[in-house]
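Below you will find one chain, with nothing else, as structure tokens; this is the form predicted alone, and questions on how it binds or moves follow later.
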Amino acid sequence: MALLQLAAASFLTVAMLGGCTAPDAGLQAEDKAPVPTHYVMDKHSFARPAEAVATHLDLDIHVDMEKKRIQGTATYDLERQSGDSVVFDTDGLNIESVTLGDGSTAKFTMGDSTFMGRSLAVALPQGMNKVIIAYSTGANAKALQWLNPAQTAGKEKPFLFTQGEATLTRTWIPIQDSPGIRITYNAHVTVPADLMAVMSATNPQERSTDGSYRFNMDKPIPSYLIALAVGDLGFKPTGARTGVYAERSVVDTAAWELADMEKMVEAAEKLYGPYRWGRYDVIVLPPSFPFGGMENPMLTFATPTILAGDRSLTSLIAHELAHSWSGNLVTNATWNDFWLNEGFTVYFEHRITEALYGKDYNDMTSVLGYQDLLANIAEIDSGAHPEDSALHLDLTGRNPDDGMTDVPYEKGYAMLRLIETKVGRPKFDAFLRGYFDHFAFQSINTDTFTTYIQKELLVPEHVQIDLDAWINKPGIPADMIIPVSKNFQQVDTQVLRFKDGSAAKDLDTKGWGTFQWMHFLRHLPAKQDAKRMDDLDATFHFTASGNSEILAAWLEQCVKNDYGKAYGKLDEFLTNVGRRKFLMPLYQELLATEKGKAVAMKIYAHARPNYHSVSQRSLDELLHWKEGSAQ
């Protein structure tokens, strides 16, 4: 993407140390957001919250599945500090009218189009603190994926889901679309009577008779966490406060796979305090969902690729649950600070899974994450922005999705893991509990975090750590703790035996789980002939695997070794699965040869309509795609 000069910038709320007001009488401190006292620049939003900030949204919309359009009104309560207008973010929306709280017509202007969309500035008379925006979504709203029945599991009814992170909520709601601006919301959503709607809020567990649904989110959340899904949904509980939504044909399978959700919530609470959102449910979406999961409050959106049939991939749910503390409760104030969401969440995820499944499980996932980090940093180093392997980024003029690599996840986790070893786990746990309590329902930046950890932990414990090297410098610091796994050492022995010529049937793989197979496949010899690939597949049945992680790792080997017998499965996988984590490595491997490039372009030509815009953007850039590219 060409760098564009920002037409405007916004100020973001950041709660500074010591700047919080006391909670209102009668409310728990943990449930009340403090009044923001300071603002920093968010260069990915047009909003100016230092002048006027939206504090509550009443959304009233109709979802037209046939026309693939959302239409309705967004009514905002405002807090005003200065100035004579309020500014919202939009991208591709049709703004039909803007009305003030007294019923009069408001004057409004739309800014020029940029990669951030267009600003919507509404003139505000003195004392006016409410605006009503009537609007409809455009034909190419990037947050929305409209699926035809054939693209769903049930094959009978259409489906819609939204994906707001990082700056896509503005493509389906006119809003101050910045992670440092938090808002409560109510919503009234109407859909066809034979479908069900759910949101990142209080949710129904049964279908309404008339397609009318009402939702409430009474905790202030950033706009990227406002989410909606509509489809032929069913619900099944997995515990007293947990349950699973999915298409009716999938819901029983999904509920069995995710049976440990209630245990995960209990384990998380023992670590870092009460779960503050009421219920924790998961919706398993159709396979075009671009991510493994999205931590929308009260309702995690999840990919069906976690349904492995053996509950081996549910660490993803632990990750999204952990976001209920790190990300949703305490949020990165700008997308430059994304590591504050993800590094803490990976650390918390590991602690949950270690509590439930043991240290060996945690060691294996830590090693796999480290392998991903090394591969990602090598890729970043060879690209246009080698500085992107730092934790704290400068994404000015760029799409914030560019910063969503493995670095904020795995390098952020590694830094927190290092601090834990220096101060000891009990003291680090006490610090994290205090951190989540202190900044609850606030959005903070990296400087606020570093000041807080120095004051509350590192200085009192006389711990020396070069935070600047970890946070602001690219690459891997010299004091990173390299994870090891005794289970993987056993796998390495079998890899060496295979490299030395042993037949696949003679390898000792008894009792291996998903992570061991992933490690095995990642470390196979670089070049193997068709006979050796035949041997592996005939023995272990990788091409027929129903485990998406194992299948994706195997297909990478098939592309590297030009194993043509698996190309039919490769086509099927790339056509039906929209998870960017799997798509990018497979297409990258295909691009390594001229033959593979031709295969990639041919597959992408028919697979692209099945992908969400998030995946389309990444792959369009990778493949230099233009309409007709495969012709």
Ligand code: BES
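The structure displayed is predicted, hence computed values, not measured ones. One-based numbering along the sequence shown.
Another form exists, predicted together with this ligand; not displayed. Remarks below refer to it.
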query	finding
The unique member of 178, 443, 200, 163 whose heavy atoms fall within 4.5 Å of this ligand in the predicted complex	163
Interface residue in the predicted complex among 235, 272, 409, 517, criterion: non-hydrogen atom within 4.5 angstroms of this ligand	409
Residue 222, heavy atom within 4.5 angstroms of this ligand in the predicted complex	no
4.5 Å heavy atom contact, residue 342 and this ligand in the predicted complex	yes
Any non-hydrogen atom of residue 579 within 4.5 angstroms of this ligand in the predicted complex	yes
Residue 338: touches this ligand in the predicted complex, heavy atom cutoff 4.5 angstroms	yes
Stretch in contact, per heavy atom within 4.5 angstroms of this ligand in the predicted complex, of 111-119, 238-246, 350-358, 400-408	400-408
This ligand in the predicted complex reached by all of 291, 316 and 319, non-hydrogen atom within 4.5 Å	yes
Sequence-ordered list of residues in 323-337 near this ligand in the predicted complex, where near means a heavy atom within 4.5 Å	323
